[in-house]
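Only one chain comes next, encoded as structure tokens, the form predicted on its own.
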């Protein structure tokens, strides 16, 4: 798997990313096909985003003998923070990869007039204990204007999480969102499968894939 990294932005260059992106872009793909390809993309991106998690040596007993093994360090807490609704497509996969991680939901919807995020849910504590030992992965399939992502990153920073312990994971990104996050949070790590051309007048990514939440949960207006 090849990656291209610039200004803490990693674009994962993998044949399966390209293949599954082509599936979810197609407006005629059925819901099952869309969800399954989103899961495959999420798996690749979560594996890339977590590859620097700290390990610790432990002693265990195999059926044969004792030996030292490397496991995720119990000195660190791992949090997956999906931005509702669409972020659930990534957090479900992430929880299967790291079952002991905490999932803390943050809920925002986009005001279609101002394109600004409107908060409606926050399942995070008032402040975190030992924030230097907490790794947070913010999850949202679409990084478009970057306004919701910016609000989520700001939320965790205000609660004491260190910027170097924050990672933002998106399946598809626009230059607008990348520019906003890298300008205001230059030390934030961003993992994505593709950076598209830009945004249309409604703030949707071009060529994009439409509204990820509506396509995931079949909530299109008839």
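Numbering follows the first chain given and starts at 1. Worth saying up front: this structure is predicted, and the values here are computed from it rather than measured.
If you look for the form predicted together with uracil (URA), you will not find it shown, but the lines that follow are about it.
- From the list 129-137, 142-150, 95-103, 68-76, the contact stretch for uracil (URA) in the predicted complex under a 4.5 Å heavy atom rule is 142-150.
- Taking the partner from elsewhere, residue 110 is found to have a heavy atom lying within 4.5 Å of uracil (URA) in the predicted complex.
- Though the partner is left out of this view, residue 24 does not reach within 4.5 Å of uracil (URA) in the predicted complex, counting heavy atoms only.
- Among heavy atoms of residue 212, some come within 4.5 Å of uracil (URA) in the predicted complex.
- In the predicted complex, 203, 204, 205, 210 are the residues of 183-210 with at least one heavy atom within 4.5 Å of uracil (URA), listed from first to last.
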